[in-house]
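First, one chain by itself: the form predicted alone, in structure tokens.
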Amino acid sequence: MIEEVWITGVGAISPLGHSQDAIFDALISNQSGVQTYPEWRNLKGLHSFLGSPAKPFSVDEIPRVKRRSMSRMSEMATLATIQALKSANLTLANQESDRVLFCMGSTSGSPYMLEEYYRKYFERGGPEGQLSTSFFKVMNHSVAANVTSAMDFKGPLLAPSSACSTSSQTVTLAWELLRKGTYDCVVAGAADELHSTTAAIFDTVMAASRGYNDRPDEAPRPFDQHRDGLVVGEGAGILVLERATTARDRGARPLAILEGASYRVDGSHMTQPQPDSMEATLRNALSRAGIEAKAVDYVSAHATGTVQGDALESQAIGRVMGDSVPVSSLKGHFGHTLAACGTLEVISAMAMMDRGFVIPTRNLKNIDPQCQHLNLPKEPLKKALHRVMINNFAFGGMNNSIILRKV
């Protein structure tokens, strides 16, 4: 029997706020989380000095003994998980542990701790003086392990890592496993923290914004003719997903229905997006949802503001969705929150469905000719949204598409 999958809880720590309501309020009022980091100007070879940090948050909800092994990204993921479980009115202690899966990840271990560890290592000529907890902050599954430790969870755990599609992959995997009845509940998502080395990675491959260092409010510019790259950010987005039957039995209500999802890899190039593969991902998500493209009322594009990426994604969306469905990117508001972007954009799309609004792409003034075949609104659009598609793409050709239906 194929199960319907409900999203019953959401949690977020982000540059726009730390709840679904706060995020939507920031989006509808056209706020940006992007700022300039003057201290990055001292780093040799770095040309991009923009970042989008999470708004200040308190870690008081996390027991101090648990925080000893946590980096900033694990703290954000833990707080978002606590929030998501509360939102779902779900107490893990009341669940059979082998029927609940935690599936969450990050792009890497904590870049702050990696920098500190190796700086100290090379300065001292060895591991002298290293903290015993350092490794637990830099291991690739640090977010997953720290969150489950903080939750005292002792069931199944997976820790995917696929850069900018990480959280989208956790949600897609959750959908597959829940539909088949492997689990009753999956807590899914990802987190990443902002650091200059992340900006440097994108800057090195000419994908980070350089031309707006003194005008952070104007970057990034997805789909715009004058876009010049992405702005790195940070945050955590966590979803609670459940089989409809078990959620209904415990008296839960769905916030949205996860109707279809797909992931596939280009299999050709590390940084060159392949529109044919993106197109196939979108078509497969529609097929798995059992719907046609015309049933989708809005597309949340990955579009980070890179010259090449936005244009090629536009091709794929146009081929599949045509020129009538509204399309926008939320990266102009959030910046690029890396591993967390998928779930944060799912949470945002759910808010748009609830309120009947399409949020336009921030900083979109002059649509690039290569993107003009899409319906790219420049102002908030009042529209009934019954189904939405959320796309995310990552280095290595990691493509992902998710389809939600309004309750």
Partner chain sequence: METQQTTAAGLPEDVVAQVNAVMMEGFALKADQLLPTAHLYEDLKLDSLDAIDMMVHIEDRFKIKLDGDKLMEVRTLADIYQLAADVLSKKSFEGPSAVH
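Residue numbers count along the first chain shown, from 1. Given the structure is predicted, the values throughout are model-derived calculations rather than measurements.
Note that the form predicted together with the partner chain isn't included here; everything after this is about it.
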- Any of the heavy atoms of residue 197 lying within 4.5 Å of the partner chain in the predicted bound form? no
- Task: With heavy atoms only and a cut-off of 4.5 Å, decide whether residue 131 touches the partner chain in the predicted bound form.
- Result: yes
- Do residue 215 and the partner chain share at least one heavy atom pair within 4.5 Å in the predicted bound form? no
- Message: Since only the chain is shown here, I'm wondering whether residue 124 would be in contact with the partner chain in the predicted bound form (any heavy atom pair within 4.5 Å).
- Response: yes
- Please pick, from 68, 365, 55, 355, the one residue with any non-hydrogen atom lying within 4.5 angstroms of the partner chain in the predicted bound form. 68
- Message: So the partner chain isn't shown here. In the predicted bound form, which residue out of 179, 120, 288, 264 has a non-hydrogen atom within 4.5 Å of it?
- Response: 120
- Message: Looking at heavy atoms inside 4.5 Å, which stretch does the partner chain contact in the predicted bound form, given the options 179-187, 164-172, 245-253, 131-139?
- Response: 131-139
